Every structure is written in structure tokens, then in C-alpha cells.
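As C-alpha cells, one chain now follows by itself in the form predicted alone.
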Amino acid sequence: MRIGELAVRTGVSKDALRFYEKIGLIEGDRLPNGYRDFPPETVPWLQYVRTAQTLGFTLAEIARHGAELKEAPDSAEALSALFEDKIRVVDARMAELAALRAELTGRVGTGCPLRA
């Protein structure tokens, strides 16, 4: 399917699709007229990409782990491991943000909030 149809079927803009192709997230063939031609399995893959982004995964993480997941004998187990890793990252970031919040709260009303 051409890029316009893929954009309509997935809700992803043509510019985003071109970017995804450039970074290797999707792959399309070039027709003799220069148009891109994407296989039908690109649609569910892009739905996966969008879901993964919603869950906090970066495009780099999706690209890095996408091939692994497609080839994993038990994709549910592989996904669970990725989710556990992401949860650890989220927990660490939440701890950092809690410490930052406490620091900011402690500086409220102290005159110059930038003094140590």
C-alpha cells in the first residue's frame, strides 16, 4: 500500500511515516515511479509502535527491541521482561522527581530560592 493509504489506515501522518522509514522502524519498497509501497503487516506494526509510545517507550527502544520481539519464541515473556525494565526506569525517575519536589518545596518562601 502507498504511504497515503497507510497514513489513513493507521492515523499516522505521512511525515511521521517517512521519519519512521528513515530511522528503520518501517520498511517499504520503492516502485519504479518512486512511490513507497508498504506491506500490509505494516499496519499492525504501527499500531504496536503507537501503543508502545503510549506506554513510555521511545522510538529508539521500539526499534531496538522490535526485531527481538518479532523473533522471540514467547513474545509475551519477552514483552513482560521489557515492561519490568521500563517499570524500574519509571520508579527511578519518580524517585528523582520526588526528591526534586522536596527540594523545591523546601526553598519556597526562603527569599532567594536559588541559594544552597
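Given the structure is predicted, the values throughout are model-derived calculations rather than measurements. Note that residue numbering begins at 1 and tracks the sequence as displayed.
Not on display, but discussed next: the form predicted in complex with the DNA.
Among residues of the shown chain, Asp15 is one whose heavy atoms approach the DNA to within 4.5 Å in the model of the complex. When contacts are judged by a 4.5 Å heavy atom cut-off, Asn33 counts as touching the DNA in the model of the complex. Contact annotation for Thr58: at least one heavy atom lies within 4.5 Å of the DNA in the model of the complex. The closest heavy atom approach of Arg50 to the DNA in the model of the complex falls within 4.5 Å. The partner is not shown here, but in the model of the complex the stretch 1-25 reaches within 4.5 angstroms of the DNA through a heavy atom at Arg2, Ile3, Gly4, Glu5, Ser13, Lys14, Asp15, Ala16, Arg18, Phe19, Tyr20.
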